[in-house]
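Here you get one chain, nothing else, as structure tokens; it is the form predicted on its own.
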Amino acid sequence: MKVSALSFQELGIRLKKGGIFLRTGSFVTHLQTSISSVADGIGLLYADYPLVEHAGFADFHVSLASPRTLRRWFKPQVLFLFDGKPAFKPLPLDQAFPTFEWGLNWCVSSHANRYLIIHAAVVERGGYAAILPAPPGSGKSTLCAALVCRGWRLLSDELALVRVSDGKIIPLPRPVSLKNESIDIIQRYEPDAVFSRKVSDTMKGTVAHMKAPSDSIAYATEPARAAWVIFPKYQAGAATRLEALPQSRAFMRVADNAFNYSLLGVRGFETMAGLIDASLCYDFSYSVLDEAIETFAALKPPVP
């Protein structure tokens, strides 16, 4: 059963009482909350995701709740709880749904060490994955959102999961996080895209999340082969430019963006080396999304 099978009222009741077991890619999350804005976000952006009935098991047990302090009467807040314990300092209640998204990213990046985890967007076409590692503010999510609105499959907006056993890229399609001007840019670029409401004054500025394409969710169990590692950089007025990057430099830059490279030790090195060996590596600068889409459409997979 999908989340969309529940009315908003039924979803709210389930979240408040026993919680729901929500499958996102390889993970099952047990989520419990009585905060209405979180229920609204789940109902809107996770409508196409399967619910696991009578699971009894979840990779992550999380809840979002308001701290029961005097502060709740004049500046209400939200806490993200993992296994019943706060994972972060409380944030303003208005940021409850973004807090759920950030918290779920933290759950995966902190605990899923059967994968080499890279801070990167990942999109797929024809079975080949393009990995886009980049720090915040580089235009990574904007480019990722535009690509999936033009037919690329979303594997992840934030976390590239490289399976240590065989180097395959494991999908984790969840809502795309956009910030500040990027929100309006993508809303103009794809007027039919579904967005959560904007939340302002967060630690990342104004944020909103774009619903993942239904096809990406439907194929969330199909891994992809790494083919390209592309470091995107948005620069206002910049010409569209794709420049080949030596694999040795790409290796070090991807390692800088990996969460658990050192923790995995030899397996981390071997997995990273395999990823880079299998990929063509580039720097990519852009300012016009249509030109960026054309450039990606012209990419050829590596010759085996």
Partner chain sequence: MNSQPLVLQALRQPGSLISLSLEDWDLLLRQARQANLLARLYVLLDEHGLLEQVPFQPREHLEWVHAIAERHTRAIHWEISLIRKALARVGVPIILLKGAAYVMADLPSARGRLFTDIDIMVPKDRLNEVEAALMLHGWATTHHDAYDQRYYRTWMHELPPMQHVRRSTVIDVHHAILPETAAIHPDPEKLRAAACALDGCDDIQVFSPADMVLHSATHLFHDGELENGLRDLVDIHSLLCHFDSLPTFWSDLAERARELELTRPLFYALRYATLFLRTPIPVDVQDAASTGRPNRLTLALMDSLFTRALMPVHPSCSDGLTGSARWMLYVRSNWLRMPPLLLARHLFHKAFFSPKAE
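In this text the structure is predicted, and so the values were computed from the model without any measurement. Residue numbers count along the first chain shown, from 1.
Keep in mind the form predicted in complex with its partner chain is missing from the figure; the text below concerns it.
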With the partner absent here, would G56, D59 and K89 each sit within 4.5 Å of its partner chain in the predicted bound form, counting heavy atoms only? yes
Identify, from the list D201, D192, D166, D83, the residue with a heavy atom within 4.5 Å of its partner chain in the predicted bound form. D83
Can you pick out, from V207, L147, L79, A112, the residue that has a heavy atom within 4.5 Å of its partner chain in the predicted bound form? A112
Against its partner chain in the predicted bound form, would L263 count as a contact residue? Criterion: heavy atoms within 4.5 Å. yes
Although the partner isn't part of this model, could you tell me whether R267 comes within 4.5 Å of its partner chain in the predicted bound form, counting any heavy atom of the residue? yes
In the predicted bound form, F27 touching its partner chain (heavy atom, 4.5 Å): yes
Option from 271-279, 60-68, 41-49, 243-251 whose residues, in the predicted bound form, bring a heavy atom within 4.5 Å of its partner chain: 60-68
